[in-house]
Structure formats: C-alpha cells, structure tokens
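A lone chain, given as structure tokens: the form predicted alone.
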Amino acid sequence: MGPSLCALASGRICVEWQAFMTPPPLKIGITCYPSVGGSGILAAELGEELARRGHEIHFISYERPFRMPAGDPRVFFHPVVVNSYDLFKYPDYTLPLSVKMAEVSRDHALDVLHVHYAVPHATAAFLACSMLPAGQRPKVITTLHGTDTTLLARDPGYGPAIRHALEHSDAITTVSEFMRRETLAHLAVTRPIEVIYNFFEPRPPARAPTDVRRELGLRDGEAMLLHLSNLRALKRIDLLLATAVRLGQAGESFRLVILAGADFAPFAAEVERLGLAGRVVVRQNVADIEDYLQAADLGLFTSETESFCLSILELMSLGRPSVAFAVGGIPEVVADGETGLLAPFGDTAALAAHVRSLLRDPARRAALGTAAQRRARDLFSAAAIVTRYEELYRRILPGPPHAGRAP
C-alpha cells in the first residue's frame, strides 16, 4: 500500500522547512597580499574552501593570490590597477584598492569584505564602505596575521590608522592567542577580538617521495631537513644556516631544502662562506608543496617571532614534526615534546641538538609525526576552522543575506 496523502504532504512540508532553514550562500570579498606568505596562502585557501561550500568568492588585489584556485566558477578575481603619476613620489595602492573594493561590493552585492592584514587592507575597506550607500555596505572583517600588529602598530606613522580601521571593522580576528595579546597591548583596541587559527588542507602529492629526494640530489641515508618561508628578516635565515653548520660539525648527513617565497640570491654568498654549498638546496615559489612535505624527515625553523607559522602546520598535516624556536604563536601550534621540539630563541646549539636527537631516533621521530598529524586534523583542519569563519560571517550580518543590497 502506497503512502497516504497526509504522509506525502508531511514529507513535502519537511523538505520545504529544511530548505527554509538552510542558510543561503554568501557573497564574500577577500583582500590579501598575493605574494608567498602565510596570510596570502591562508586567504587563498579560505576562499577555495568557502567556494567548495557554495559561497561566491571575489578576490580583490593587485595580482592573483599565490595558490588562488583556478577554474572554479564560484571564484572571481578583480585586479587593482596602480598607476604611477609624476605628482606622487611613490605609487599609492590604498586609494585604488578602496575604489575597487567599493566597485566590486556594489556590482556584486557583497555581504562581507574579509581583509587579511590591517595595512592597507582594513583602511581601504573602511574607505570603500564610506563611498557606498548604507544599504550597499558589506560588513568588514579584519584578520591580523603578524607585523601589522607586532611591528607597524608601534610606528607613530601607522599605529593610529591601524587602530582606527580596527575600531571600525565589524569583527576582528587573529590567528593565535599570542596575536590577540599583542594587538591589545600595542593598539588598545576596544572591540572584541576572536582567535581563529590558521588551517591547512593538503592535496594528494603528485610525486613519490623517492622521486622528489632524487630530484633534490639526496643520497641514500641522507636526511632531508625542510624550511619554508618568504625569507623576510624575521625568519632569521642567518640562524637557520648557523644551525646547519652545527649539524655538519656534529657529523650529521643531511640536506637543508629551502622552499623560498622570495629570491634567495642575497643569502648565496653566506652559504658559500659557511661551507654549506653542498648541503643547501633551494627551490623558489613552489606551488605543489605537498610533494616536498611528504619527502622531508622534519622541518627546521628559526624565526625570531611568528604569529602562527603556517609552514609548521603544513608539515604536521603530512605527518612530519618540526624543530623550532619557542616564539610567538608557535607554542600554540606545536605541543613541545609531543608533536615537535622547541628551543629558546637564538639557542642554535639546543636547536641542533634537537635535530640530531630526532635524526638518530627514527621511532621517536615517527611518533612525533603521527601525533602532529592528529593534532593538525583535530585542531587546524578546514573542517574545524572554515566553519568558524562561516559562523562569524552570519553572526555579523543583519537579517537575511543580500537584504537591502542592490543586485
């Protein structure tokens, strides 16, 4: 006997109720620095994950962000054209960025402008909103990633502008508790600051580890130490090389592989001077980092400060532990002695000793790697983090998405 009309009607009501209760997709603008770096990588991958969940994503920047997804029908790129005029000694980016933000917000009825880094992105978003009628203004979320708080906030030429932009943001997030404390200490922001950690969702590697190690010139029994960074001064490449020298003096067999997000040429002479030419291998602007992450034995990092250190998380996600200085937000990422090993800042002897201990104890290294991968999955995965951003977007939106905005 078939279902009754009442049952069919009830089922239809249930389906319609579920459709009514399902929040509609959002239109989200994202602005970040497009160069290789933690903030730009996080922003690009956040856009990719949000698009996968059905949202419409609009990247606004002077270049396509590094690792921005290609070919996704829900992801759009709006370039900002920066012109040079003889009137100005230096080209201005903030004003053309704000105009493009306002244009994209108006033409695509954006719900949210999510800007990564306060300078100049939060300021430009504030200007963009002031150009639009009240009903067309998107909500602004500012995510702080590092030097906009730890360095520029102390500069009297930037600090007041950063504070003003943050106070006029609809929500502020930082990528670590360390960054939240630094923001409060240096900027005295009165608005709530929410900590939402970085995430990383690895893609399947395209090459076997043996192929990658062969391409890098590693011999049998030679350890692969991996460092990934944009080589900025805070990354302390001098201490990285000093640690490698100590390892060589201790008789360790290794290659230090550096995936550089900038030109490594300024460090080439120092590599030669230290006698590391045969031990250091550099690859620049690598997109398929998973190939190298899985081939590594462990990560090595010597930053003097880090808001989070996405590179450590990238290694954790592939089951690789890291050795690093216990600075900034790194102790929030690495559980010392459980998923990696930390040393006091500047103590290259302790750092080298940690590396040696893991190279000489493969079982412990594997156990740390397994625990690191589990921690990455539980705390720093897309499933754990992207949902929090979605919840934040909807929390700050007044009523139904797109309400009161021009199509």
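Keep in mind that what you see is a predicted model, and the values were worked out from it rather than measured. So that there is no doubt, residue numbering starts at 1 and follows the sequence shown.
FYI, the form predicted together with a small molecule isn't displayed, but the following is about it.
- Interface membership of T339, defined by any non-hydrogen atom within 4.5 Å of the small molecule in the predicted bound form, is ruled out.
- Remark: L218 does not count among the residues lining the small molecule in the predicted bound form, judged by a heavy atom distance of 4.5 Å or less.
- Taking the partner from the other structure, the small molecule in the predicted bound form has no heavy atom within 4.5 Å of any heavy atom of L97.
- Proximity of L234 to the small molecule in the predicted bound form: non-hydrogen atoms within 4.5 Å are present.
- Shown alone, this chain has one stretch from 308-316, 73-81, 280-288, 184-192 that lies within 4.5 Å of the small molecule in the predicted bound form by heavy atoms: 308-316.
- In the predicted bound form, every residue of the candidate spot (S39, G146 and V175) has a heavy atom lying within 4.5 Å of the small molecule.
- Contact with the small molecule in the predicted bound form, defined as a heavy atom within 4.5 Å, holds for exactly one of F325, F200, F126, Y117, namely Y117.
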